[in-house]
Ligand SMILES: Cc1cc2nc3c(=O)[nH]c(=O)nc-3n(C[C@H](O)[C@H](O)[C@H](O)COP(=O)(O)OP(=O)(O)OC[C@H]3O[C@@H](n4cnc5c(N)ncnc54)[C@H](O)[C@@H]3O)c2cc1C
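Next up: just one chain, as structure tokens, the form predicted alone.
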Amino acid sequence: MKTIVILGGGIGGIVTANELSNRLGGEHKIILIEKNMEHSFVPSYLWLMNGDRTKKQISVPLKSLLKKSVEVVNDIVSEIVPAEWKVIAGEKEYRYDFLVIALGADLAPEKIQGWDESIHTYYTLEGADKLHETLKNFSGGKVALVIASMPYKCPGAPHEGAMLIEDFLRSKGLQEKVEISLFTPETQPLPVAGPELGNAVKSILDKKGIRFHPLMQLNSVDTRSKQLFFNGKDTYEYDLLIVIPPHQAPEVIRTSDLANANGWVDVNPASLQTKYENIFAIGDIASIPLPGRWFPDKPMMLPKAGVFAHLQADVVAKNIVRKIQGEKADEKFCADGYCMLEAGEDLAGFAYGDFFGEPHPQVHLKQIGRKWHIGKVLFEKWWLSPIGFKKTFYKNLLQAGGKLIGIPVKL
């Protein structure tokens, strides 16, 4: 009997565990270690922010999403010891034959000079809920949405957030009393996806009257005078400030020898294996350079997005099974990513393409429409439904919809 330990109960961890369970049955031991007993669907934080969802609607017990053969440990991973093939969580140690690290990225708002509780973010469950209450009572003024630093999770979420906030405030009749600005240190929207998608998103922002400010690196915030300070740029005054905070790897990774100079985990882009045999890293924690993409003099990394965690989990699980069965582990990760880009008014676009494309990622945006929004709602329902009939039903529905529009949906 082999033991596979999975660290993290987000999208990558859940998909890995269930795929292993499907292929191995009860013949081998699968342990998933996650600090939270409840799982919330992160893409729906945007809908929580604008009042289309409640916290209860997008949160379910973690165990309800996992096969019964998966052993779930609710604890914090405190140490990874590759030389001894073990991890420590709580006061117990867990030995493994295979280790999958899917711990995600932590938010570090404290890295922003001047940060305090008056600053909002929708990148957390509580933050999105709190921001909704503020938006309900907002009567007008300057709204600043700031990407504090790179990298950050879900490259489309800042732009989606700006558009959904514009839609919400317009529904309150405040369109003439509000000025929305999006600040980013990047050169264009979603530069990791290539120029075509960036230009398309910029055009949508322009049509909605959202002011896009590229090459703006946040230096500090003065919440008393409500001013933003950018390196080498003019200051900007705001009435409501929403920030995408700096991201960092969890401490257990940063303090281990798995971490690279930036704190993330380098992996083989095809197999997701780390420098240690039978130790894999997937999702937000993994560091994978994109061919032909630089900013300004460093290679851009594959976006930290749920779709890639999902696809990487599938690759890793299949290769672990093949190794256990004595077969060649030759499944490879191909960065064909997609996402529904929410634009407000129950409309969305669909971005799809090859992020490993050369000379730059080949990602295109399908025309904005209601069907893409419905697709995202269906995916949410599928993901949050318990293992069993309901999940199978939504999966079949999503895949059938994908065939109709000519886009393969891999679940």
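No experiment lies behind these values; they were computed from the predicted model shown. Note that residue numbering follows the sequence shown and begins at 1.
Here the subject shifts to the form predicted together with the named molecule, a form of this protein not shown in this document.
Three-residue candidate spot G10, V307 and K376; every residue lies within 4.5 angstroms of the named molecule in the model of the complex by at least one non-hydrogen atom. In the model of the complex, the named molecule sits beyond 4.5 Å of every heavy atom of L135. Using a 4.5 Å cutoff between non-hydrogen atoms, A193 does not count as a contact of the named molecule in the model of the complex. Taking the partner from elsewhere, L65 is found to have every heavy atom lying beyond 4.5 Å of the named molecule in the model of the complex. Taking non-hydrogen atoms only, P250 approaches the named molecule to within 4.5 angstroms in the model of the complex. Stretch 276-284 is the contacting one of 215-223, 108-116, 171-179, 276-284, since its residues have non-hydrogen atoms within 4.5 Å of the named molecule in the model of the complex. Shown without its partner, this chain lists V321, C154, I210, V72 as candidates; in the model of the complex, only C154 has a non-hydrogen atom within 4.5 angstroms of the named molecule.
Of the listed positions (F333, W264, F98, Y122), a single one reaches within 4.5 angstroms of the named molecule by any non-hydrogen atom in the model of the complex, namely Y122. Taking the named molecule as positioned in the model of the complex, the residues of 86-121 that bring a heavy atom within 4.5 Å of it are, in sequence order, A102, L103, G104.
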